[in-house]
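So this first bit is one chain, no partners, the form predicted alone, shown in structure tokens.
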Amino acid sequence: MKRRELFKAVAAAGVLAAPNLARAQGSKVLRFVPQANLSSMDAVAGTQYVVRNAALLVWDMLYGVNAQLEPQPQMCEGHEVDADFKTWTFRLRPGLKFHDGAPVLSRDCIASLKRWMVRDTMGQLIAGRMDALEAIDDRSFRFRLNKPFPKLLFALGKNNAPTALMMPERIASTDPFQLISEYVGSGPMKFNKSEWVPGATAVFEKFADYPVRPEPADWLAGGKRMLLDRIEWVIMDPATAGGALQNGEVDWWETPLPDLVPLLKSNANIAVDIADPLGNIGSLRMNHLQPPFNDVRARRALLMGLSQQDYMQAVVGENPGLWRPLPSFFTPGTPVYSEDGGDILKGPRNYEAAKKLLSEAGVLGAKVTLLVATDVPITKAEGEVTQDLLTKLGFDVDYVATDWGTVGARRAKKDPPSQGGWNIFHTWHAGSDCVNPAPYTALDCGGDKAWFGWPNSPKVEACIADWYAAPDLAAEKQAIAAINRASFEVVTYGPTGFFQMYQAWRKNISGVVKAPFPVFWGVQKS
């Protein structure tokens, strides 16, 4: 949609939306427009940010990271750890309850952790070192490891999915590769399954028996004090969302389109700000198992032909302050950032050299199934750029326009594209997930155990292991540089650039903070 057409649609959508949306407003009801449709509620079996964001309301964590990415006790009173970092003992806070009134017990936490460890990269590292995960009593449990794991607290408290969320044992016993179907949580809000209409609405209601920690809230740490009784997620297209926000029919829009930001800023009742200072890394994710991108030459050819400027301007518009080139897999401006090995993204694109490489690989003109979630502006914009790139490189492009929920399900399939699989999909990674390898699921190159695309590189894995073993910051920097080089050699995925996004809210909403996810605790409406 062109800018002028979009502005007209925004104005029209606001007028048309008003009669239906205004009825549910109230000082204790917040209406929120999320980045995408909420297709599931399982942030262990899936890694979509919109699912993680919803799950963080419903389920709590043993530890949670603060804005400095430091893990702090959350459901736990604290822990004890031996000097060799092999034996970790945790004790739950008293009075913890699930939404059905049952107490949170050690066995629930053990079952939740075991399910999480199957799907999460750090969880898999813990499981590979684990002799036992055992209950001591109803409130205490212990990890017994055969190798040191100093970063255990960060693993339990990190914000990226798969997330270590505490569920009742019966729910946590669900196969980690199957979605849960019961949504009894441990967090500050209850999920109202009866009002969930995928593609339209999702409703969360305050859990009155949630024991709020006494400390100030700080991202996933501290007191998650809910000042709202009800949060309604309303799924809208950008034109409708822009009009509804201007007219006060919704309160908070997670990811307003950059083209609409000047219009929103001109409204005296709307606040607009960068959502997350750590930004995001765009991702062109290739399937390493299926032709043509099972050949590293085909993957390298895509990097040779792509222009990060094209991708970033498609995502955030012409504002140069919202993006920067990124010859790296890591978040710029962070302590261990490295561009080692990233020269392939620094020079001008070279279609002819890319085609020559594709010809050498025997895949010039091959069919490529490109999954594009057209209901998410970021993935839609990137998908259109990739379609153009693939066409210019001579591929036969099967452009599959679908929704984000379908992409989330289909990308898990390892079958050939002709049997429901895929070759490329687009996503993005929050900068907080890319500061180092610990939370960085998309960097893993463990083959069948890796994230969707299943890259396999013992060299990358060895470099990541070196980072985990690094005794100081200097050694960490050296390991990160080696990881970056090795990741570009294997082309784990295609970084399409670093970008920041806005969030927008009505000025009668207070308590909105900058974070890689929407923080609802502490938010109130006047």
Partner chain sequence: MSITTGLPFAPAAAPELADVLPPRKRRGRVAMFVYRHPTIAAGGLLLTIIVAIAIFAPMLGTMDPTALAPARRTRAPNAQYWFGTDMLGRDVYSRVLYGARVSLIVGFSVAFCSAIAGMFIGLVSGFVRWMDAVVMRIMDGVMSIPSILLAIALMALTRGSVQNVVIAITVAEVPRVSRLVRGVVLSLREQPYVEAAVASGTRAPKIILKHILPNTLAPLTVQATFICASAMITEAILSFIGAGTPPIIPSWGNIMAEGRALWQVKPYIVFFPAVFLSVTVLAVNLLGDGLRDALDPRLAKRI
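Keep in mind that what you see is a predicted model, and the values were worked out from it rather than measured. Residue numbers count along the first chain shown, from 1.
Omitted from view is the form predicted together with the partner chain, to which the following refers.
Peer 1: Just to be sure I understand the contacts: of D388, D273, D131, E360, which is the one whose heavy atoms reach within 4.5 angstroms of the partner chain in the predicted bound form?
Peer 2: Flagged contact: D388.
Peer 1: Going by heavy atom distances of 4.5 angstroms or less, which of G243, G187, G282, P256 would be at the interface with the partner chain in the predicted bound form?
Peer 2: Comparing distances to the partner chain in the predicted bound form, the residue within 4.5 Å is G243.
Peer 1: Using the partner position in the predicted bound form, report whether L326 sits within 4.5 Å of the partner chain, counting heavy atoms only.
Peer 2: Judged by the heavy-atom cut-off of 4.5 Å, L326 is well away from the partner chain in the predicted bound form.
Peer 1: Is E384 part of the interface with the partner chain in the predicted bound form - any heavy atom within 4.5 Å?
Peer 2: E384: yes, in contact with the partner chain in the predicted bound form.
Peer 1: Does any heavy atom of D310 come within 4.5 Å of a heavy atom of the partner chain in the predicted bound form?
Peer 2: D310: contacts the partner chain in the predicted bound form.
Peer 1: Hey, in the predicted bound form, does H99 get a heavy atom within 4.5 angstroms of the partner chain?
Peer 2: No - in the predicted bound form, heavy atoms of H99 and the partner chain never come within 4.5 Å of each other.
Peer 1: Please determine, with the chain shown alone, which of 203 to 211, 71 to 79, 335 to 343, 392 to 400 has non-hydrogen atoms within 4.5 Å of the partner chain in the predicted bound form.
Peer 2: The contacting stretch here is 392 to 400.
Peer 1: Looking at the partner chain in the predicted bound form, is some heavy atom of each of L263, G317 and K380 within 4.5 Å of it?
Peer 2: Yes: each residue has a heavy atom within 4.5 Å of the partner.
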